[in-house]
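As a starting point, one isolated chain is supplied in structure tokens, in the form predicted on its own.
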């Protein structure tokens, strides 16, 4: 089930609201049980055959956290952590990477046939989220939670279950056992959900159509240089508005039920360096790797050689996390190398480059990176990049696509900037902050409602409605 479906909007969410809020607020554990039951249904709707695997993952994290938290002996504590990590990452490895590695062995003639499994929905997200709880308990950053309902709800909570953001247990620890609900929070959450819904339907989906059309031309004479650039830009818009829309909707739904999830995106396409881009893009994943891998390896408090090694490991794993293919591995290595170069080779030069030029160079780097991310194979990525930089200069296909999707392209271009923040700063400088707060609040709700109605009309009249990060 996806947020942008009629089943979710017309049946699942209204029924959940009805049952959840019919339970008295003082019976929070009952409300939690309702949320958990609906979250299980939400997951099973799209992947019932892997429901047992998901329940196994919940059990592993609960009992792993219990063992790590209750054992006083240091050796037993560490052994419990290692076993929990081994089982959790082992399940992820088998279902996500078995086909990739056995495929290499098959190609090398070492085995007769590669093993392949269908990828369980959301396994990368719920695995990382559950393991972060166990690690935090081991480190003493979180208290061991003896109530299985609380641990299971933390991992399984449907808004962020299948595509993030990856929520730290410490961020919602209190809300799992004692949270408040208010009309103001519900209203703000609804607005955030509706705007995310609009971002998905009115911006991400049209850009996905453009990207699919252009990338399908890979290897043909129709993939001219201008068309390739349009396709790469469209995919950059698609993946940003698709994933940030899902995060917006997840954050909004969470707020309606009293949970406050951290932001997952902060206008990454205004970045003036690759380092800044990754501080703004998929913040929850970057934070996870920073806290549980990078810092554990020694972070930057070490020699230059060791720091380069740490960055290389983190970005190799980041690429692998996104998918079991050479495209994603190279994509991770690509960013790892760029971040090392920014830190150790071009740090002085970057301070001298005018910010507009630095921003353009960063966006060029990001566009090239997205080609590796989107192409079906590594060979296709090379062909596509060749077309971008050395293809035919014929503008006809590119012009046709731009004309056909001009309103959506303009809307996407505007959407990559923090427009609301800029308008608020303008009014604040004029001393009219109170006016902006009141009018912005009213206008925001009316605008969100209008966007939702238009987006719903788009939903019922169209069929193109993928979520990119469901692949991971």
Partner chain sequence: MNRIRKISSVLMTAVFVTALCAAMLIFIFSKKDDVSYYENRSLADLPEFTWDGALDGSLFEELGSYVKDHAPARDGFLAATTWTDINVLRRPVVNDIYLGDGVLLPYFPHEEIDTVEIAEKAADAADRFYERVRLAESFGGEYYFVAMPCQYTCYADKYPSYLNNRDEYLTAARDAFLGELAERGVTTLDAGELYGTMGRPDYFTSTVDHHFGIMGAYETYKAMLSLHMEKTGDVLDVLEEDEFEVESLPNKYVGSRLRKIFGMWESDEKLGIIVPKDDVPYTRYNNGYNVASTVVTLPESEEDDVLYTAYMGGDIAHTVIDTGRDELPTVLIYGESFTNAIETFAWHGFNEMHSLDLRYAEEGAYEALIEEVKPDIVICIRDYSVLLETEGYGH
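Worth saying up front: this structure is predicted, and the values here are computed from it rather than measured. Residue numbers count along the first chain shown, from 1.
Unshown form predicted in complex with its partner chain; subsequent notes refer to it.
*Asks:* Have a look at 27, 423, 414, 48 for me and say which one sits with a heavy atom within 4.5 Å of its partner chain in the model of the complex.
*Replies:* By the 4.5 Å criterion, the partner-contacting residue is 48.
*Asks:* Going by a heavy atom distance of 4.5 Å, is residue 17 a contact of its partner chain in the model of the complex?
*Replies:* It does: once its partner chain is placed as it appears in the model of the complex, residue 17 has a heavy atom within 4.5 Å of it.
*Asks:* Does its partner chain come within 4.5 Å of any heavy atom of residue 187 in the model of the complex?
*Replies:* Yes.
*Asks:* At 4.5 Å between heavy atoms, is residue 396 in contact with its partner chain in the model of the complex?
*Replies:* Within the cut-off, so yes.
*Asks:* Is residue 10 close enough to touch its partner chain in the model of the complex, meaning at least one heavy atom pair within 4.5 Å?
*Replies:* Looking in the model of the complex, residue contacts with its partner chain include residue 10, since a heavy atom lies within 4.5 Å.
*Asks:* Where does its partner chain sit in the model of the complex: which of 322-330, 215-223, 77-85, 377-385, heavy atoms within 4.5 Å?
*Replies:* Looking at the other structure, the answer is 215-223.
*Asks:* Given its partner chain in the model of the complex, answer whether the residues 191, 407 and 462 all have a heavy atom inside 4.5 Å of it.
*Replies:* Yes, the whole trio is in contact, each within 4.5 Å by some heavy atom.
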